[in-house]
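Presented below, as structure tokens, is a lone chain in the form predicted alone.
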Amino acid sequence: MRLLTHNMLSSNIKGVTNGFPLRIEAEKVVEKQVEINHDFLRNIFPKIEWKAFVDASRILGYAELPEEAPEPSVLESDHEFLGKFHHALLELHIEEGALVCPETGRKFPINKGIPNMLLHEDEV
């Protein structure tokens, strides 16, 4: 599971009002090379919840991103930043572990890179 996916997921358990961001418990993380696409990065950047993204990347051991989101204009000229953003967003993969609801503590397992977000009957 990429951090791009993590940034888009939240807990939908009945009654949960604060289901984002899900806490990451990573057991196995791998890096997979992906060709950089500057246009994709520029388009996805405004949709990323920056604090959750930076916190998740640090949990995975990647501390190269700034605490505060840079101005979008940086994406036009700073290729070093784009490379770091690309690496954290698309090249870090959680293969095994869990996503944890911040409100209930419910764990959603990640197996072979796929998060299982299915709810139990009593959670619907």
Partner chain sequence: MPSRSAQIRLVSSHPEVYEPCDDSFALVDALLADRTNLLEHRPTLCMEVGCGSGYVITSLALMLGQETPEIQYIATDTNPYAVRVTRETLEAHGVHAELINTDIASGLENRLAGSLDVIVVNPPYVPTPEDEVGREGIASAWAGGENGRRVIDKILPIANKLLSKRGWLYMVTLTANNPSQICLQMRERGFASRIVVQRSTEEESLHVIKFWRDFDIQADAKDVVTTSSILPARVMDLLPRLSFWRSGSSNNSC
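Positions refer to the first chain, counted from 1. Please read all numbers here as calculations on a predicted model, not as lab measurements.
Just so you know, the form predicted together with the partner chain exists too; it's not on screen, but the next bit is about it.
- At a distance of at most 4.5 angstroms from the partner chain in the model of the complex, none of the three residues A63, H87 and A98 contributes a non-hydrogen atom.
- When the partner chain is considered in the model of the complex, E80 lies well away from it, no heavy atom lying within 4.5 Å.
- By the criterion of a heavy atom within 4.5 Å, R58 is excluded from the residues contacting the partner chain in the model of the complex.
- When contacts are judged by a 4.5 Å heavy atom cut-off, E49 counts as touching the partner chain in the model of the complex.
- Using a 4.5 angstroms limit between non-hydrogen atoms, T104 is distant from the partner chain in the model of the complex.
- Residues of 91-124 lying near the partner chain in the model of the complex, listed in sequence order, are H93, E95, K112, G113, I114, P115, N116, M117, L118, the criterion being any heavy atom within 4.5 Å.
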